[in-house]
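As a starting point, one isolated chain is supplied in structure tokens, in the form predicted alone.
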Amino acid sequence: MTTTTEQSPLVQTNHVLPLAGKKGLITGVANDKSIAFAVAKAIRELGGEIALTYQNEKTAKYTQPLAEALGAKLFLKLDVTEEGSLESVIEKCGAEFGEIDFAIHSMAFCNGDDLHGRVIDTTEAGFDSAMNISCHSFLRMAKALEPLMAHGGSLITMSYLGAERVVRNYGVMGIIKAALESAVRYMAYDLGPKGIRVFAVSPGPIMTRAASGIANFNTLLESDAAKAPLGRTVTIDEVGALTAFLCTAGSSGMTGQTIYVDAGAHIVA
């Protein structure tokens, strides 16, 4: 009779956190209720090191305490409408980290009139601004990060169901998000040979500062909860957990997808 306690090779005995030693950039943290903050928190809990950005001095006073609480290695100003701002941030990340393993693009903007009006009434300036900040900045981010992702990594942006279906009071942002999701697929194709994976995460409606600008948002929350198979809406922590997973080796065989985290609401007409 043997008394050996040798474990099966299938038993995991290494408890190193999934993102230990991984480093990345997270944009779009506005406050502790924002999706980007939940993502940053989830990534830190998995052992990742992060750089966070703020838009201007007004927002910095709210976000700097969050950056400090999360142990962010860098806290940098980023305004994608200012020439060179994005590239400067990524250059500083490269100097601090050497290589980048993941980046989270959580930025979007649209004028209120364009958001709530008919899409055919959208001004050229309003459309250009929304597309630049909400979509093209993701392409620019990828281009600037590409040299720092020599061993591959994950690029992740945030979308919404309005990219696929008409959502009342979402207006031209639905068109912009559709372009963003298309960009994810083309970026995945272009960057795949370098091991860089690209995703769009599409959360259900969550009461964030950005969402507060959408008319009748409470009605949208209620209708989503009523039709979702899970019978509720999702939390920012659930979105954060999914996004963090996409930065780990567990998602290494995936790229180019829009991944819904909405309690299943998107499957119900």
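Just so it is clear, the structure is predicted and the values come from calculations on it, not from any experiment. Note that residue numbering follows the sequence shown and begins at 1.
This next part talks about the form predicted in complex with a small molecule, which is not shown.
When the small molecule is placed as it is in the predicted bound form, which of 142 to 150, 120 to 128, 170 to 178, 89 to 97 ends up with heavy atoms within 4.5 Å of it? In short, 170 to 178.
Single option in 158, 184, 163, 103 placed near the small molecule in the predicted bound form, where near means a heavy atom within 4.5 Å: Selected option: 158.
Only one of 74, 133, 115, 188 gets a heavy atom within 4.5 Å of the small molecule in the predicted bound form. Which one? For this set of options, the contacting one is 133.
Although the small molecule is absent from this view, report whether residue 198 comes within 4.5 Å of it in the predicted bound form, heavy atoms only. No.
In the predicted bound form, residue 30 touching the small molecule (heavy atom, 4.5 Å): It does: once the small molecule is placed as it appears in the predicted bound form, residue 30 has a heavy atom within 4.5 Å of it.
With the cut-off set at 4.5 Å between non-hydrogen atoms, does residue 235 touch the small molecule in the predicted bound form? Answer no; every heavy atom of residue 235 is more than 4.5 Å from the small molecule in the predicted bound form.
Since only the chain is shown here, I'm wondering whether residue 205 would be in contact with the small molecule in the predicted bound form (any heavy atom pair within 4.5 Å). Yes, residue 205 is a contact residue.
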